[in-house]
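Heads up, the chain below is alone and in the form predicted on its own; it's given as structure tokens.
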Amino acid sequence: MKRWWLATALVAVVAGATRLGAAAIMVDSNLGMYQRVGGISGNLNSIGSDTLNNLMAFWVEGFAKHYPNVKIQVEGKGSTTAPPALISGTSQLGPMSRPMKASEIDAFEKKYGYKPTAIGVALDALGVYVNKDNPIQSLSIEQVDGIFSSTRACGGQNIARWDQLGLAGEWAQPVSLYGRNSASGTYGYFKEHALCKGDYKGTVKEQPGSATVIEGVTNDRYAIGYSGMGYLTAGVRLVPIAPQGSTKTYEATADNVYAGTYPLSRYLYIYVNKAPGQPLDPLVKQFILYVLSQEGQEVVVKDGFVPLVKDIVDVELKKLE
């Protein structure tokens, strides 16, 4: 599976400036601190991803400390809601937990004559969660596919009970499935990368938000679900995953996200409307600069996701020019 964000420079940075993993995640000290500027005022709307909902709220709170008169309203009902809101102009910030689809980009370009700009703002490991008491040690992508998919395009066998995965005794029970609804970018990403673009089983209990997936798995002893790594709580456990065709498992850690070895690693984005050769709206630009600053990336760590390193941030900043 292609880890398209990886670059030689990034590997070098991870080896030096940021030592992550089991230890506390540290923000790259080479990132610049946010510098407040004058003349910034107004209102912004953010419509999009539920996965980024908490992140956006934290960023808005931090940004308000620099600009107390700026008002930013955040609505997180799923990544699918971001493109039409940007196209219609009802939002200026479009958080998404997946890249825009070609059809969404085409619709934007049809109206404006240019493509939307995707700003990578954080990294995430889409986690497979079980109840904290569940003893399962690991799963392969083929097994995850067999659990969640009716078509099993990854080549796995149908799995409907925990004893099919080697659990015995009280765990010889049917598997209870929790997932996101189709408006979610997480739903789409999991479908593409964990189900090899196959179909979900009709028994998946579709939830409106990431937190409700975790709540379901917490309260349902025999449940399994998927959600971003930032939603980990004491009631659930992240299961190490083996990539398709491999027996080596990887935990959902920052090290494995950076290295590209965890098979469900992804970027989180904020899409903006920026005409080529034209300056970005000053308020939008300053918010993105805040998000990509050391202060903004500390918020990423606070919310349980993986911060960007300077080499990635430098690439993202060039998109604002």
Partner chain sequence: MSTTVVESPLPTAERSRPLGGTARAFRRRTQIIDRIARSLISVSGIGIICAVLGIGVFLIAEILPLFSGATLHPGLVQSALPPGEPPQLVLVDEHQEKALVIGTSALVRTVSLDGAEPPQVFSLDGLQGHRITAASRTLREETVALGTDQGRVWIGTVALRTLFDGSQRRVQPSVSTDSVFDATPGYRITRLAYRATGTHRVIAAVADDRHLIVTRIRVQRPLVGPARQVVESVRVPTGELGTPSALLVSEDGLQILLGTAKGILARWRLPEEGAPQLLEASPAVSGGSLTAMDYLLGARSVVVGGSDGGVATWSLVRDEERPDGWRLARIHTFAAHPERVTVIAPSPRDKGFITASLDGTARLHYMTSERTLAHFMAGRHPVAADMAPKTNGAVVLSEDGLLRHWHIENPHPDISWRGLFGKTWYEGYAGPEYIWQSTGGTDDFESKYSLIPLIFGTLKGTVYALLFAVPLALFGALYCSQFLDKRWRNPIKSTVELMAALPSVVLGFIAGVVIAPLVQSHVVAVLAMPAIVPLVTLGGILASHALPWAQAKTFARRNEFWVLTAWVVVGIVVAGGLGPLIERIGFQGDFESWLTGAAGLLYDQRNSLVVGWAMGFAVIPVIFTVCEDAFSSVPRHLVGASLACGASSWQTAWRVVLPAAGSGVFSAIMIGFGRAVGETMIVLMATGNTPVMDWSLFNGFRALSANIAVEIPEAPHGGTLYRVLFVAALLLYAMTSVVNTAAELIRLRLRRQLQGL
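Residue numbers count along the first chain shown, from 1. Computed from a predicted structure; not experimentally measured.
Omitted here: the form predicted together with its partner chain. The next part is about that form.
Inset, instruction - Name the stretch, out of 121 to 129, 73 to 81, 224 to 232, 246 to 254, where some heavy atom lies within 4.5 Å of its partner chain in the predicted bound form. - result: The contacting stretch here is 73 to 81.
Legend entry - Answer option from I136, L238, A242, V204, heavy atom within 4.5 Å of its partner chain in the predicted bound form: Only one listed residue qualifies here, and that residue is V204.
Legend entry - Contact at R36, N54 and G166 by its partner chain in the predicted bound form, all three, heavy atom at most 4.5 Å: So, no: the whole triplet misses its partner chain.
Legend entry - Proximity of A153 to its partner chain in the predicted bound form, heavy atoms at 4.5 Å: Residue-level check for A153: yes, a contact with its partner chain.
Inset, instruction - Answer yes if any heavy atom of K111 is within 4.5 Å of a heavy atom of its partner chain in the predicted bound form; otherwise answer no. - result: No - in the predicted bound form, heavy atoms of K111 and its partner chain never come within 4.5 Å of each other.
Legend entry - Proximity of S182 to its partner chain in the predicted bound form, heavy atoms at 4.5 Å: Result yes; S182 sits at the interface with its partner chain in the predicted bound form.
Inset, instruction - Answer with yes or no whether W162 is in contact with its partner chain in the predicted bound form, where contact means some heavy atom within 4.5 Å. - result: Judged by the heavy-atom cut-off of 4.5 Å, W162 is well away from its partner chain in the predicted bound form.
Legend entry - Residues within stretch 88 to 107 having a non-hydrogen atom within 4.5 Å of its partner chain in the predicted bound form: Those in contact are R98, K101, A102, S103, D106.
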